[in-house]
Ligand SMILES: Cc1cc2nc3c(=O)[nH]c(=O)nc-3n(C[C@H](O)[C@H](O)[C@H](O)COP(=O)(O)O)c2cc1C
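What follows is a single chain, given as structure tokens, in the form predicted on its own.
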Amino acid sequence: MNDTRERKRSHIEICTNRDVRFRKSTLLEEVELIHCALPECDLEDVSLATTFLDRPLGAPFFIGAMTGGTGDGGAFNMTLAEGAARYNIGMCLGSIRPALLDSSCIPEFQVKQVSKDLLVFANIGANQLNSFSPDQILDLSAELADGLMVHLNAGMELIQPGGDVRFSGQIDAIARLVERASGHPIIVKETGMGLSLRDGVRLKRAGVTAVETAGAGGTSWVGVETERATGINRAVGKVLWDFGIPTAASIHWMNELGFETIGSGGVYNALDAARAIRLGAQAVAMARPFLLAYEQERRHGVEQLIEELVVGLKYVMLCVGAVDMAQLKNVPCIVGNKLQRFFEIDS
């Protein structure tokens, strides 16, 4: 348990103080939204209201999964939750594995006490689905959250010192969890390398209906683990630092397959969010920007970032002539050649 706690603290320190971003693009810039000089609406007419898995949100944003079980008493998660509740956006918790191993960690994840209306998703690694029973996982998730994310992180585990390199049986374990969930939503997410068409097809067959892309272009979790690794793993980590599916391509594919999709992976601002939604995302998630905002100015920093995203998205929508999410999904756009090439790939 202490090893897990120290690893999580190390992740936070590295993401805060080192440049662990991808050095290649999300390709979101390949989505050129066409400006509308005659929007024929007022700013007050623009609505960011949306739903995700039938739950209402004031704006299509999630604070992405980051942490829990670090021993900080939950101050970080509670601050994020307070900001999310104030603006009626969603929040994703870090892996609940520490709480499954040690119940004394549970208070660090109990953010629903901030507001019963706060939309929260718990989180567990796919490799843990064979270490704990579905009932153990689902019972704790239901206690803490409104649904459960299952994260896929093969690349990260390969480079991580002491990482779990057994990945067989994950899709069957996900299918069993979905079958057992009985109305408790299950979302499958990547952790920085994106979901492919092939992944999407397999997840559909397993009964999954919602995903988070976590594509290449944002924080490289291979990069994070490379910073922690030594020897061969450090050398190979440097090679694989930028490997993965650009976020824009993954969003498009997941939308084409009919998933409710959270677009994430290098979504840094309102224009990125608008482009992701135009590609088919129902909402977007951001993690490291919130970590940096918290480290700089705690609650004020978190709330200022949310406000910038909310106000910024309203401005973008007015500039493209969209008064709500439905219209934003259908505004005229041009897709660049680099992204178009991904659209032509089949499973």
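Start at 1 and count along the sequence shown; that's the residue number. Given the structure is predicted, the values throughout are model-derived calculations rather than measurements.
From this point on, the text means the form predicted together with this ligand, which you will not see here.
Peer 1: Is it the case that Ile12, Gly266 and Ala287 all touch this ligand in the predicted bound form, with a non-hydrogen atom of each within 4.5 angstroms?
Peer 2: Yes, the whole trio is in contact, each within 4.5 Å by some heavy atom.
Peer 1: The chain here is shown without this ligand. Which stretch in 219-227, 176-184, 203-211, 77-85 comes within 4.5 angstroms of it in the predicted bound form, by heavy atom distance?
Peer 2: Result for this chain: 219-227.
Peer 1: Quick check on Asn233: any heavy atom within 4.5 Å of this ligand in the predicted bound form?
Peer 2: Because no heavy atom of Asn233 falls inside 4.5 Å of this ligand in the predicted bound form, the answer is no.
Peer 1: Does any heavy atom of Gly64 come within 4.5 Å of a heavy atom of this ligand in the predicted bound form?
Peer 2: It does: once this ligand is placed as it appears in the predicted bound form, Gly64 has a heavy atom within 4.5 Å of it.
Peer 1: Wondering, does Leu291 line up within 4.5 Å of this ligand in the predicted bound form on heavy atoms?
Peer 2: It does: once this ligand is placed as it appears in the predicted bound form, Leu291 has a heavy atom within 4.5 Å of it.
Peer 1: Is there a heavy atom of Thr261 no more than 4.5 Å from a heavy atom of this ligand in the predicted bound form?
Peer 2: So Thr261 does not count as contacting this ligand.
Peer 1: This ligand isn't shown here, but in the predicted bound form which of Gln160, Gln170, Gln128, Ser95 has a heavy atom within 4.5 Å of it?
Peer 2: Flagged contact: Ser95.
Peer 1: Pull the contact list for 160-189: residues with a heavy atom within 4.5 Å of this ligand in the predicted bound form, in sequence order.
Peer 2: Only Lys189 sits within 4.5 Å of the partner.
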